[in-house]
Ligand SMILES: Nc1ncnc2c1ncn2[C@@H]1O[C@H](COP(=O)(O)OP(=O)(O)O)[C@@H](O)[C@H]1O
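Presented as structure tokens, the chain that follows is alone, the form predicted on its own.
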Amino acid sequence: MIALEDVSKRYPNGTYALRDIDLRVEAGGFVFVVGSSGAGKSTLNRLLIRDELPSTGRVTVDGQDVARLPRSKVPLLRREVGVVFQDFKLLQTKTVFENVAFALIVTGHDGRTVRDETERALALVGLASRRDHFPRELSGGEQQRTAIARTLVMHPKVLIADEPTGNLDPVTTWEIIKLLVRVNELGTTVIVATHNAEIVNALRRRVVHLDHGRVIRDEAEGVYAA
């Protein structure tokens, strides 16, 4: 599903965010990408959605060379690769239902599809009863679940969660992680960038450890000593 071949990212000031990355993620995989702040986790995620381009090397997502995609095809890539952020990025003037439905509406889906797919996504994340609430009326965990539903409504092949529990308390953190595991079990490839050693060590999934832009460890059932 995802392949990085000898990928480096060097910024104009000479700083390397990533160096010589070789990484493959199979369809249906669940991967923790770990490392301290500045290790390169967010840069890696931005490469996968073509928010950044590699300085050298090749990034492939679902058989497509991301750097060679024409601009007209980038929105299609971003439907296949959904991203969930630490700060939710919800539209504050729209309800939960409207936030989740928004992507379907702007991509021209008919009203029945919008309704059915939005209700499906809200049911999956356990927010059907909160559909008419605004983000300000939700807990942090409910806001993050809304953000996940907004991504899932487009049926992405890959879901990237960039520090998805950074602003959440421990109980809510586990609720979100269990939801991501459930999404993975339904067939979506999931990549979680985190520095939370507790959740990584409890789940014992694949761990890719970045340090100063390099992969220093890649283990099938890894742990992380932050």
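The numbering used is simple: start at 1 and walk along the sequence shown. Predicted model, so just to flag it, every value in this text is computed and none were measured.
As for the form predicted in complex with this ligand, it is not shown, yet the points below apply to it.
Comment: 42 to 50 is the region of 42 to 50, 62 to 70, 170 to 178, 183 to 191 lying near this ligand in the predicted bound form, near meaning a non-hydrogen atom within 4.5 Å. In the predicted bound form, this ligand sits within 4.5 Å of a heavy atom of residue 38. In the predicted bound form, this ligand sits beyond 4.5 Å of every heavy atom of residue 208. Put simply, residue 17 is close to this ligand in the predicted bound form: some heavy atom of it is within 4.5 Å.
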